[in-house]
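We've got the same protein chain twice here, in two forms, each standing alone as structure tokens: structure 1 and structure 2.
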Structure 1
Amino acid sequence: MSKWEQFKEQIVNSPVWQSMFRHGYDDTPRNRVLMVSGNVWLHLHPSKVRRHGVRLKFTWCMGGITFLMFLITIVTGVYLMFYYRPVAEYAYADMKYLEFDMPFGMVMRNMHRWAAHAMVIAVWLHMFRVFMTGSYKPPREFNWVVGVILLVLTLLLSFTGYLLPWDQLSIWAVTVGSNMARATPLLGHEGPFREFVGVNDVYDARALLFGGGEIGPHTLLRFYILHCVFIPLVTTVFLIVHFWRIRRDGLSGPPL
């Protein structure tokens, strides 16, 4: 063995290395399985998949792309959180500072916004694909329901995030979107049958969204917390269930 090979042997056989990397990397079937099953990130996958699972023509990879967009928004979102203050005095100004001062500030903001839009589109395409391949049929019905919940959460994430720049586009888009809530039957102060419940303009479904009778600094804080903490947590919970179900029921595919 050459010196180099010897050197490599020493490293790879040392206790330090062995404690970190527990199996070899020769291309053996055993190692192929261990790569997946022995790795915390990759063991989300099964160690073997059905053949068509790798075919983009079948899966379109849309579920993965949606998840990727989710991760991108989290990473860029954390960067943005350092420099953005969710109070009406500073929110807009901070957007300007992100654009002008912060290194890569604008790029991060752009990635965050486009990833968010892409996530909405990707989740729709994913839903479309799952429908076209009938992958919601038994035994996968409940996973589809979880998926619809995730769809709604995605839209809510995007909606709550829309408000945060605190510019005209933000508050009026959210006003228009939330104004529909005041027409909720029974629970909205302009909805049918409201007299039977006694809701008013500062205490109804819409006011719950706004944190008051109209949109203002209180709404901003509320949406910020929903956007950065609450809805991502709920989404994560449902994602966990969603992935678990995929593993449990296996990737759908044509009957054998």
Structure 2
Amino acid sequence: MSKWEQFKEQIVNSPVWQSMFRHGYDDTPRNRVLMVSGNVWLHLHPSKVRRHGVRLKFTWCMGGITFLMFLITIVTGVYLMFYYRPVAEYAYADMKYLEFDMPFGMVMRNMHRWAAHAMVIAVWLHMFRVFMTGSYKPPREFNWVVGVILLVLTLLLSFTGYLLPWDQLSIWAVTVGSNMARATPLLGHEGPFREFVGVNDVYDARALLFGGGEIGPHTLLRFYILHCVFIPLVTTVFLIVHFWRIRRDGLSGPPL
């Protein structure tokens, strides 16, 4: 036995390796199931997959591409957070400093921006493909609802991140977009059934987003927390549920 084989055997037999890969590699139906169900790196996929369910012309790979774009935005977003201060006096200057003076700053910001755009497009195409192939029908109707929630969270991530450059374009875009919250049923002071809740122009859904009656420094901090902490955490929880249901219900395909 060569030194490389001995070294490989020591790694495979080590407690660390066996804690992650708990079963051997014998090619038997039972062992393949145990490999998938007992391996933290493989538990996202069902033990058995129909042949047509993994074809590119059927899946379009939009679900995986959406998750990849989410990971890219997380990695690049963490880098951007090191050099950005969510304060009205410094936010715009920090963006310019990051873009033109920091090493790889422009690359990281553009990767973050275009990955966010690609994530929005990919999640729409993913939902469209799931709908057209009937993959939302039983037993996957619960996972379809989770997917719709993830779609809304993706749009909220894009919307809250739009304000962070703190330039005229972002401020007025968020102002116009947030004005729609005034017409929210029950929660908007211009929406239907507002009298049942008693909301007004100071206390309604728009004021909740702005942190007050008008957009200002408090709005920037609120959107920063929503974009960088709250919505990503909620999205991660729903992604875990989404992947778990894929594991339980099988890969997307026609109803069983």
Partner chain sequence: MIGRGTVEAEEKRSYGALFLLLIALLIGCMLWALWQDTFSRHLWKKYKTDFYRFAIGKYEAELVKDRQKLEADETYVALTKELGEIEAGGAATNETAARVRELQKKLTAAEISVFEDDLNFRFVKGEIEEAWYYYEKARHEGKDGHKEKARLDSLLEKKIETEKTYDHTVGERDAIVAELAQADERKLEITEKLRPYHKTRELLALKLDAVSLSVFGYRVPKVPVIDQVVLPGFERNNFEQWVDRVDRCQNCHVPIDTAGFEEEENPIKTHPDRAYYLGNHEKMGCTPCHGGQGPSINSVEQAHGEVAHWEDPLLPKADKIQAKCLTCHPSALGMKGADVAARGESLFREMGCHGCHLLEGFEHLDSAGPSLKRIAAKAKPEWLVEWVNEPHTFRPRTRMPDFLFDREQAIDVAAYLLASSLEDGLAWLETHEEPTGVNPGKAAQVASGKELTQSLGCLGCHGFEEDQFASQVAESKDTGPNLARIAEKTDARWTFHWLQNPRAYSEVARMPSLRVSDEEASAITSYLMTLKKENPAAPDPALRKRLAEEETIARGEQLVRRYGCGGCHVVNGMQGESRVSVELSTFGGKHPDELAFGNRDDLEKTWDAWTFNKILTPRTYATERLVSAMPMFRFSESDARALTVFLASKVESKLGEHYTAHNAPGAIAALAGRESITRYNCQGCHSLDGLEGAIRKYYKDEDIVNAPPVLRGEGLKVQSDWFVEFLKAPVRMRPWLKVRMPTFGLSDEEASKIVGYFEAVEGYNLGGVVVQGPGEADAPASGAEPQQVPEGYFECGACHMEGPGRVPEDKYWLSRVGLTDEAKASWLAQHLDIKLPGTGGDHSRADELREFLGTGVGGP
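By rigid core we mean the largest C-alpha set that fits within 1.5 Å across both forms. Residue indices: 1-based, along structure 1. Keep in mind the model is a prediction, meaning the values are calculated, not measured.
Q: Please let me know, 1 or 2, which structure is the form predicted together with its partner chain?
A: If we ask which form is the one predicted together with its partner chain, the answer is structure 1.
Q: Is the shift of Val12 between structures 1 and 2 large enough to count as movement, that is, does its C-alpha move by 2 Å or more after the core is superposed?
A: Yes, shifts by 2 Å or more.
Q: Please report, in Å, how much the Cα atom of Asp201 moves between structures 1 and 2 when the rigid core is superposed.
A: Core-aligned C-alpha shift comes out at 2.6 Å.
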